[in-house]
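One chain comes next, on its own, written out as structure tokens in the form predicted on its own.
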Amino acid sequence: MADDKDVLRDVWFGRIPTCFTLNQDEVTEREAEPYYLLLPRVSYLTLVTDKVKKHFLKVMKAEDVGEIWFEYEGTPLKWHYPIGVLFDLHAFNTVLPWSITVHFKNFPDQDLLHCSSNSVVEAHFMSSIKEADALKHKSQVINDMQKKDHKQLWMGLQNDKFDQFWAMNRKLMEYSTEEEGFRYIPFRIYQTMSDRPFIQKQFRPVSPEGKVHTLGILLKEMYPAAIPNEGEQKRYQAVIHGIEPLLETPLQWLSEHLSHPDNFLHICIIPVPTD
């Protein structure tokens, strides 16, 4: 892959200032102070909120504590989506810090997956990486890795170790010189306006005629409303890691540099604010 390490670093170290407050319906022995944290965009809520949990447990009795879950303005937050995706999808045009409500009861089974331990997050994360490599290299790279290599990817993410993670992940971002990129680009397009969780289809980085596919070409095919017609006002923003990349950006470059650690390019389609 093109060695654009500064971009990879900027993506990895992206943080969202967040204020966690305990839901007012929770039973506490004394008032619970809010807890502030810089959340890593590339991680998962259940992986980085141990301190949040400990903070609120200090004011609660053990019998009042069930499985922790998080909510923003009435929407339960899916822990299996990367934190940056959750923010861009639900809170992109809001004032910081991001205000998240913490719950210890009434777990919304119909909206959220249970997460009893970090091993559940690890299983989800590794499953995504394997799915992405099936699209990129017919699973050849991930299958050639040893168990300890898989563990290195996970530990790099869990412990926020950029070099440890990328020493292994760069293998998943390579392709041979005779190829013009990955077999297919692993991507997911999210929008809050739909009941469908996300759009995911097979899409090549280069057309059969050799034309480089860009972000604009992908959106035009997968979510045409995101591209305004000539003379039309722009209605949607296509956001990746909190920025709007140029529609002319090649998908292959985006996949190599702006994918999350799970190796997917997560694209959020959000309405342009009207005020």
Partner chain sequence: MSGSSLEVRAGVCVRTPGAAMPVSLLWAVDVYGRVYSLSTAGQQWEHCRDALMEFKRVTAAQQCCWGIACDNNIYLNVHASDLSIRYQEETYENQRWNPVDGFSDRLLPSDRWQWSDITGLQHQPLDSFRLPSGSWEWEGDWFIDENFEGEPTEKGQGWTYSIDFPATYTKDKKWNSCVRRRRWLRYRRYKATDTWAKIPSQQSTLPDPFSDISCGGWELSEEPRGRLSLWAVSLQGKVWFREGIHHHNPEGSLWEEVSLPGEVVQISCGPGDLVWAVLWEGQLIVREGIGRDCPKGSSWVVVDSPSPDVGAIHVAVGMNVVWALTKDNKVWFRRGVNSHNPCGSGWINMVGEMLMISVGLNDQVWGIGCEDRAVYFRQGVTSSELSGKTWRVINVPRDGERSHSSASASSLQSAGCYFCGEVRGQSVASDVESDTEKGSTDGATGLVASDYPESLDAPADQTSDGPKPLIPKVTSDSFISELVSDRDSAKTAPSVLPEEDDVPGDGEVTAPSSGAALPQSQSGGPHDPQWSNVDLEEAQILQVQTGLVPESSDTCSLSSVATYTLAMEDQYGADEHPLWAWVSGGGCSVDTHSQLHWFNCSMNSSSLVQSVQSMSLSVSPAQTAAWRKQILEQLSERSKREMDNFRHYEQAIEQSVWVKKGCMQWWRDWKPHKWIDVQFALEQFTGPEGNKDGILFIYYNFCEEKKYLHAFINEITILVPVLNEAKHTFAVYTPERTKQRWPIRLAAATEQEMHDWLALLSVSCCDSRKIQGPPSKQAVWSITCKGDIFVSEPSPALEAMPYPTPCDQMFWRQVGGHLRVVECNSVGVVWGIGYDHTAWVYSGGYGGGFFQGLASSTDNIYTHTDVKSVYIYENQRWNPVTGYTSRGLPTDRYMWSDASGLHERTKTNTKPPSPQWTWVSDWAIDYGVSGGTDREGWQYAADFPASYHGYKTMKDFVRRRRWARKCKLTTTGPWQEIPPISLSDVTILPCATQSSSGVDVVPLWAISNKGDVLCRLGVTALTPAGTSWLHVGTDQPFKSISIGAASQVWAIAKDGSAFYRGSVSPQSPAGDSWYHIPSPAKQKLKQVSVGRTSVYAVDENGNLWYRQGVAPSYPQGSSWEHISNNVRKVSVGPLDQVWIIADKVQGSHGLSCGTVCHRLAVQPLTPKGQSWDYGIGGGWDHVTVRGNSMEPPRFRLPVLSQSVLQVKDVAVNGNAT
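Predicted model, so just to flag it, every value in this text is computed and none were measured. Residue numbers count along the first chain shown, from 1.
There is another form of the same protein, the form predicted in complex with its partner chain; it is not shown, and what comes next is about it.
- Query: Taking its partner chain in the model of the complex as the reference, which of E209, E31, E63, E230 has a non-hydrogen atom within 4.5 Å?
  - Reply: None of the others qualify; the residue that does is E209.
- Selected contact from D111, E174, D144, E73, since only one has a non-hydrogen atom within 4.5 angstroms of its partner chain in the model of the complex: Only one option qualifies, and that one is E174.
- Message: Considering non-hydrogen atoms and a 4.5 Å limit, does its partner chain approach F125 in the model of the complex?
- Response: Heavy-atom contact with its partner chain at 4.5 Å: absent for F125.
- in the model of the complex, does Y81 have a heavy atom within 4.5 Å of its partner chain? It does not: once its partner chain is placed as it appears in the model of the complex, Y81 has no heavy atom within 4.5 Å of it.
- Item | Contact flag, K51 vs its partner chain in the model of the complex, heavy atom cut 4.5 Å | Residue-level check for K51: yes, a contact with its partner chain.
- Query: Does Q158 reach its partner chain in the model of the complex, with heavy atoms at most 4.5 Å apart?
  - Reply: Within the cut-off, so yes.
- Judged by heavy atoms and a 4.5 Å cut-off, are D4, F87 and P97 together in contact with its partner chain in the model of the complex? The answer is yes: all three residues contact the partner (heavy atom, 4.5 Å cut-off).
- Query: If contact means any heavy atom within 4.5 Å, which of 132-140, 174-182, 113-121, 187-195 contacts its partner chain in the model of the complex?
  - Reply: It is 174-182 that comes within 4.5 Å of the partner.
- For the heavy atom contacts within 4.5 Å of its partner chain in the model of the complex, list the residues of 16-41 involved, in sequence order. I16, P17, T18, Y35, Y36, L37, L38, L39, P40, R41, in sequence order.
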